[in-house]
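Only one chain is shown below, in structure tokens, and it's the form predicted alone.
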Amino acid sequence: MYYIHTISSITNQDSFRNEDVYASLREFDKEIDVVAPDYKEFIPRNSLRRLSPILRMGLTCAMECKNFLDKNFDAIVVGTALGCLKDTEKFLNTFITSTSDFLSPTAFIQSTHNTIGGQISLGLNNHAYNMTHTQNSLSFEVSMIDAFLCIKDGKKNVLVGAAEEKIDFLEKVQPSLIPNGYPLASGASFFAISGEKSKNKIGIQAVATNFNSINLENEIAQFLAKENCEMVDLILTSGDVVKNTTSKIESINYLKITGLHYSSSAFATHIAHDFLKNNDAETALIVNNLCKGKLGLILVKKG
């Protein structure tokens, strides 16, 4: 069991510093980009103006986790499928339109996927293990597995999370890039986890990934059987609602809440945590079947 000590999310929902995200959920509003905090509380003004939205979200969530935990992280693990899209777009536009023989490298440097993890390292003055995973829709799940390996390797406190941002260009390529009818969204969710029990005694029991998923129902059943989980109190799924008799309540399609981005399962994990914390429930299952043939399963448990 890998216990969650604190979570910080910046999303389309009222999630930042919210003690019960599950109770305050509303249907996704595509007119609202993100419900952002006052970034100046976390990031100096001279740095803030140079950071793209995804870097602001990721760094702020990481700093909020650090402030709550009041301990240094022994590892930082970040998942992102598309990375810093605004800086990527800025660099490419400059590259195409510039008439100069010399281009500023800043936009290119900030466009790389691992810029988020690097910015968190700089912001927290943390020089520990720092890794970024970009496994498409399973980037967050793979990041979680890496975080678990860090704890097994002896690291005490690990920061793990995921972040994505939308740009207008994504609307044009969505049918081929993300074949789904839900509105695109931005968001970031970060977790401070360790092997020591947290105050709420809620943690992640297991994470599984399958890059060649064929039979969703059978794979879920096998995963739950392997974890000796006979009953699930809540199922959060992307895509079609999972028909599973082991659930006491109806499954929830979390894309109707989070909007569509590749790492939305990270915020779904936050929702599951708060559901268990504030209700008489023991287990929640996140089923990430956003992309065909790819399946991520996260079992969140109290105990």
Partner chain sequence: MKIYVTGYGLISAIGVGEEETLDALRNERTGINTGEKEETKAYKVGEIALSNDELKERFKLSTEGSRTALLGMVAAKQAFEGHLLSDEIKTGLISGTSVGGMDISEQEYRNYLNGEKHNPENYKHHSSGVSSEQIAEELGITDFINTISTACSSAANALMMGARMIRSGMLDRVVVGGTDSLTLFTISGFKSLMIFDADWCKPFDNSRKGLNLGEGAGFLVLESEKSLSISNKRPVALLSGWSNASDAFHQTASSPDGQGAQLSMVEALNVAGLKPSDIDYINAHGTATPNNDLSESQAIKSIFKEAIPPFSSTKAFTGHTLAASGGIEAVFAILAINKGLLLPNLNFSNVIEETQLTPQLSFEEGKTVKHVLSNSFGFGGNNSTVILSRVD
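Residue numbers count along the first chain shown, from 1. Being a predicted model, the structure only gives us computed values, none of them experimental.
From this point on, the text means the form predicted in complex with the partner chain, which you will not see here.
Item to check | Triplet 112, 122 and 211 all within 4.5 Å of the partner chain in the model of the complex via a heavy atom | outcome: Result yes, every residue of the spot touches the partner chain.
Checklist entry - Among 130, 198, 222, 205, which has at least one heavy atom within 4.5 Å of the partner chain in the model of the complex? => result Partner contact (heavy atom, 4.5 Å) among the options: 130.
Checklist entry - Is there a heavy atom of residue 153 no more than 4.5 Å from a heavy atom of the partner chain in the model of the complex? => result Although the partner chain is absent here, residue 153 would touch it in the model of the complex, with heavy atoms inside 4.5 Å.
Checklist entry - Does residue 91 make contact with the partner chain in the model of the complex, using a 4.5 Å heavy atom cut-off? => result Taking the distances in the model of the complex, the answer for residue 91 is yes, it comes within 4.5 Å of the partner chain.
Checklist entry - residue 118: heavy atom within 4.5 Å of the partner chain in the model of the complex? => result Looking in the model of the complex, residue contacts with the partner chain include residue 118, since a heavy atom lies within 4.5 Å.
Checklist entry - Would residue 142 count as a contact of the partner chain in the model of the complex, using a 4.5 angstroms cut-off between non-hydrogen atoms? => result Although the partner chain is absent here, residue 142 would touch it in the model of the complex, with heavy atoms inside 4.5 Å.
Checklist entry - in the model of the complex, which of the stretches 131 to 139, 229 to 237, 214 to 222, 185 to 193 has residues with heavy atoms within 4.5 Å of the partner chain? => result Selected stretch: 131 to 139.
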